[in-house]
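The data below hold one chain only, encoded as C-alpha cells and taken in the form predicted alone.
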C-alpha cells in the first residue's frame, strides 16, 4: 500500500515538473515573486511568535502587505497567462498597469493603517 502511494506521489511530481518546464519564463518570475511574498509573511509571523507583537498594527500591516501583494500577483499571473481564454483580449501591459495601481492603493491603505 505504501509502495503504490509513493509511486503515485512520484508520478504526480514528475508530471507537475514536466508541465512546469513548458511554462513561460515571465510566469515563472511571477511565481517566484509570489513565493517571496508568502515567505516574507511567514517570516514575520514566526518573528512575532518568537519576539512578541508589541506594535500589533505594524505586524498586521506587514503581514497584510505581503499577503495582499501575493494575491495581486496571482491575479496578474492569471491575466497574463496566454492559455487562459477568459483574458485573451486583455493586453499584458494593461494587466501590469492594473497590478501596479492596485499595489499602490493597497500600500497607501497599509501606510494609513500603520498610524
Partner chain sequence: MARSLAGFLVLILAISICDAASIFQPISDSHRSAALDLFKPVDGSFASLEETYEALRTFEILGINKKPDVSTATCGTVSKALSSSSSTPKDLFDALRVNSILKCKINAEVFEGIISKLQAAVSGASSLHDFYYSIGSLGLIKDQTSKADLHLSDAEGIFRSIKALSQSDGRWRYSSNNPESSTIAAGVALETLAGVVSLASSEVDQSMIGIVQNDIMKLFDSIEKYDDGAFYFDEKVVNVHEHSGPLSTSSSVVRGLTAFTTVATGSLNLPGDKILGLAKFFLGIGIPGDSKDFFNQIDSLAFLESNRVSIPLILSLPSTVVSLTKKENLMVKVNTVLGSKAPPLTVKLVRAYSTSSKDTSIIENKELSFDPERVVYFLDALPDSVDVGSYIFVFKVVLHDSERKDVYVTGTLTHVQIFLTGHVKIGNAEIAVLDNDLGTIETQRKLDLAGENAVSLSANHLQKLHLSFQLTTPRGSAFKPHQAFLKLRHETKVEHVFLVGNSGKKFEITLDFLGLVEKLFYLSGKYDIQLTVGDAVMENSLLSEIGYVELDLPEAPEKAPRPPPQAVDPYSRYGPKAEISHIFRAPEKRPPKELSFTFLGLILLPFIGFLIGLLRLGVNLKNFPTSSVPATFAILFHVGIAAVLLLYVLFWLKLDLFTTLKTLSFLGVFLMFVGHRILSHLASASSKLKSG
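Positions refer to the first chain, counted from 1. Note that this is a predicted model, so its numbers are computed, not measured.
Just so you know, the form predicted in complex with its partner chain exists too; it's not on screen, but the next bit is about it.
Scan 78, 60, 67, 29 and let me know which has any heavy atom within 4.5 Å of its partner chain in the model of the complex.
Contact check passes for 29.
Would residue 43 count as touching its partner chain in the model of the complex under a 4.5 Å heavy atom rule?
Contact with its partner chain, yes.
Can you tell me if residue 16 lies within 4.5 angstroms of its partner chain in the model of the complex, counting non-hydrogen atoms only?
Looking in the model of the complex, residue contacts with its partner chain do not include residue 16, since no heavy atom lies within 4.5 Å.
Hey, in the model of the complex, is residue 104 touching its partner chain, heavy atoms inside 4.5 Å?
Heavy-atom contact with its partner chain at 4.5 Å: present for residue 104.
I'd like to check something about residue 87: if you look in the model of the complex, is any of its heavy atoms closer than or equal to 4.5 Å to a heavy atom of its partner chain?
Taking the distances in the model of the complex, the answer for residue 87 is no, it never comes within 4.5 Å of its partner chain.
Heavy atoms within 4.5 Å of its partner chain in the model of the complex is the criterion; list the residues of 44-63 that meet it.
The stretch touches the partner through 44, 46, 47, 50, 51, 54.
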